[in-house]
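First, one chain by itself: the form predicted alone, in structure tokens.
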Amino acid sequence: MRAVLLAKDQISVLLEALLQGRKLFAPVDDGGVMAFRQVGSPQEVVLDYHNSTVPPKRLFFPQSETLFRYGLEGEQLALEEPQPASGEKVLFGVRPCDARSFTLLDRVFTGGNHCDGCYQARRESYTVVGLACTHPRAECFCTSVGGGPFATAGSDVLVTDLGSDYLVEAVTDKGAALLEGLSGCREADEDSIRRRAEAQAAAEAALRGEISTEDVKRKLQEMWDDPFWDRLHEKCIGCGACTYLCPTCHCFDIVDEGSEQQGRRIKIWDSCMFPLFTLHASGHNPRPTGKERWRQRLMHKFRYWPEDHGEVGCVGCGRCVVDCPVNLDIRQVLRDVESLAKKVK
């Protein structure tokens, strides 16, 4: 695959090229909050950032989505499905953890017997340009869950900051097509590849405190009724921030809005941390307290996902660590489970 070098002060050349005939979504500073938005010029794009506050998954899996509208026309029921937005799009500057999360969401929405056509259409319309994480923040733990600060899974192109230059590498055929005809660049040489390797080694070395998720999976299989759960949930206030900021959480609800005459059916994000999430029409709730809800969240990501897909359902982005209002650190939770696993070996 092609790899080129682009001088730092020429990154606008790449962004301008991507804007030609395409919609470009990139990280922007939205009032102090880093978020992915559609941009109209290179000057709006911010590349010197750790990670966005809200993951870019919302571009493929919107927080609120109209599935169809309905209405009565005389005595006939009329249904109208929204048409997916057309045109080619580029998602630029995504960190490797978020890019990898797309591959996990693909398994949920397109990998089984039932395909979410709206998700698939949005996903296929984007080319994903990843941005290697040369300076991971202290809360990151991607290498503990099968990823890495320079991982390419989910990206079509990977951009690496080498100081004075950006190294731009095609990862897929889709990415290679995006780089065709790019001006203002030069072909990558051995020195740039060496500098990339050094930057990757330094970034991986900065990610200390490896967690053995294999031990966690094994222990979780044995600890459904462990007293551990009684203690774990006491600190949690059930706000759902961890799930709403998670790039791999995909729980949703289906709601009808309107009247008998007209209205719409919408799909909206939901959270397994909310009491109403599992409330039955009978009034019974199989997860009545935070204990059961926290157990489900951990089991889902670190036991059920490995059993079903061969890897954990977490990409180690650290958002749930950074933004938990009560500092309930999932890394420490995993270490506690790992410690319990070692005691019974």
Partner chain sequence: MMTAENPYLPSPMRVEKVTVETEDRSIKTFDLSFIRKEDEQAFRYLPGQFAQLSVFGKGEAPFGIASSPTTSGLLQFSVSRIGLLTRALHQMEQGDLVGIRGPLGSSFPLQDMEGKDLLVIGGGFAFTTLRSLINYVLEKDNRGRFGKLTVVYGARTPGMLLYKDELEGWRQRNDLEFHVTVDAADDGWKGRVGVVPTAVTDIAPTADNTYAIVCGPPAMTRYTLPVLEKLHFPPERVVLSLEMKMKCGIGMCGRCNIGSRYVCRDGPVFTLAELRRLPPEY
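Everything numeric here is computed off the predicted structure, so don't read it as measured data. Residue numbers count along the first chain shown, from 1.
Keep in mind that the form predicted in complex with its partner chain is not shown, yet the notes after this line are about it.
The unique member of Arg37, His300, His50, Arg58 whose heavy atoms fall within 4.5 Å of its partner chain in the predicted bound form: It is His300.
Among the candidates Leu79, Ile237, Ala197, Ala205, the residue which, in the predicted bound form, approaches its partner chain to within 4.5 Å (heavy atoms): Only one option qualifies, and that one is Leu79.
Partner proximity in the predicted bound form: Gly181 to its partner chain, non-hydrogen atom cutoff 4.5 Å: Gly181: no, not in contact with its partner chain in the predicted bound form.
Contact of Ser259 with its partner chain in the predicted bound form (heavy atom, 4.5 Å): Yes, Ser259 is a contact residue.
Contact flag, Asp253 vs its partner chain in the predicted bound form, heavy atom cut 4.5 Å: Answer yes; at least one heavy atom of Asp253 falls within 4.5 Å of its partner chain in the predicted bound form.
Touches its partner chain in the predicted bound form: Glu222 (any heavy atom, 4.5 Å): The answer is no: Glu222 has no heavy atom within 4.5 Å of its partner chain.
Region of this chain that lies against its partner chain in the predicted bound form, out of 120-128, 185-193, 165-173, 94-102 [heavy atom, 4.5 Å]: Every other range fails; the passing one is 120-128.
Stretch 295-317: residues contacting its partner chain in the predicted bound form, 4.5 Å heavy atom cut-off: Result: Arg295, Gln296, His300, Arg303, Tyr304, Glu307, Asp308.
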